[in-house]
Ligand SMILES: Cc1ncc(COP(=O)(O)O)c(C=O)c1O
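Have a look below at one chain only, the form predicted alone, in structure tokens format.
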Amino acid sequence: MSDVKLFSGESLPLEMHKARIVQKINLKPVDRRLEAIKEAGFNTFLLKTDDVFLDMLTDSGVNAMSDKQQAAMLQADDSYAGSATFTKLENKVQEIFGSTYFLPAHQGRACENIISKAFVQENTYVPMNYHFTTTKTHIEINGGKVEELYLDEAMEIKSSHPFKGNLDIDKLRTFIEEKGVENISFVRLEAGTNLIGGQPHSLENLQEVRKVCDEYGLMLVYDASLLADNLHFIKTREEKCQDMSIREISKTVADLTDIFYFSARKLGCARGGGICTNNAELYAKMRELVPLYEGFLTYGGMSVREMEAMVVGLDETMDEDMINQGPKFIEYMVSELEKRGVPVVTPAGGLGCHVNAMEFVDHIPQTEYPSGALAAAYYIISGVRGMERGTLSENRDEDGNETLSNMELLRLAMPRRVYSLSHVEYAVDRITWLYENRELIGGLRFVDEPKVMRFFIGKLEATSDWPEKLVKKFKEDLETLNKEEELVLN
């Protein structure tokens, strides 16, 4: 059980763990937060942890390990080759996913690099339900082109569709017929589509994609990094899967793919990743790239201690009470923000709560990066670090023009087993205040713009003195609130 019905009639998500090791966090004054975001070039990636109160930038590599994971790290075999720890991990992957072959890599984008180099052909296409930033870049630098074939409902911010991450089957068939099988490297399906609000796909949709791939002789590549959340949604939203165990669903998903890869920074709460397949030919084609880019075949750029933690973490991911923690807390946050009129993506997905910046700051043009501006403004008034998921996360086209994103989102990730309900309540309160004062937020412009993956390391500045005006209003409202409290107490 992961939530409880209160006698007031309300429901609350329950933390299905207890804290036994704690880490101090700091809430710096608003003036320091303003200085910090300026020093970071209004890029939340470049903020220093010491200046961050709640770190909701990502759930990648920052999920809390369990006591069993920590204990397992002490028994690692750190041999360069033939490590017993690797064998343990390989066996666990085979047990859960049924994969004959396993290639280790240091994280998800390393898997993408290997897969892209092995299979993406010049001037070919990779159709998918939606792209991820690093995936798209790896495909493009190897000469391929990404084609997104998402449902029409995927672009609806407010929706009741349970599986907005589904790949549109009719669009896939039409695309294959138009482009020709010979011009398609492979089909890719991503669990929990990252850039459109962590929206899941259904098991039925994966089965339909598999059927089309078999019909045309195409390879199906599956990004399982956000599989844990997607498993929860398949189990709870797909009627025919409600009697299936998480292990049964996981095995079924893996069986439907030709290549199955993941970042353990998300799946398994450890730092690493891997590529799984049952196809000896595909395995052989990728295998030679692992020593070149990652390390030897029995460590692949990973620490053996992290491998031990991953073995336990993958087992824990098969526990329904573990994988529902993120979605339950995200659902609660989305629900609370909806009550306050704050525009959010619905239905609540995985990974984090996604605020609709396109509506939140509709006075800021996309060329001035509304999602980035909202992320910066939210950090200033709360100390909460979120992530821009919009135009700033795209690259310019060949002519130097902006590639405007389909959505402008502020993502507030929910690291697993890290934050409590009081932290969520604080985050909700501050973003509600910001929404009520949203007209104070202005745009951003680049002062240091890398050509590739600019959202990671690029620096920007405010287009006006809006950050100072925002701080001024925030201080005034806090002072008014404090005076009102004193009057009540007196």
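These figures come from a predicted structure and were not determined experimentally. We number the residues from 1 along the sequence you see.
The protein also exists as the form predicted in complex with the named molecule; that form is not presented, and the subsequent description refers to it.
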property	result
L412 within 4.5 Å of the named molecule in the model of the complex, heavy atoms	no
Contact label in the model of the complex: G390 to the named molecule, heavy atom within 4.5 Å	no
Touches the named molecule in the model of the complex: K117 (any heavy atom, 4.5 Å)	no
The named molecule contact at E112 in the model of the complex, heavy atom, 4.5 Å	yes
Segment assignment from 120 to 128, 243 to 251, 188 to 196, 293 to 301: heavy atom within 4.5 Å of the named molecule in the model of the complex	188 to 196
Option touching the named molecule, based on a heavy atom within 4.5 Å in the model of the complex, out of T257, S405, N324, Q107	Q107
Contact residue in the model of the complex, from S159, T134, N142, S83 (heavy atom within 4.5 Å of the named molecule)	T134
Contacts with the named molecule in the model of the complex, stretch 69 to 85 (heavy atom within 4.5 Å)	none
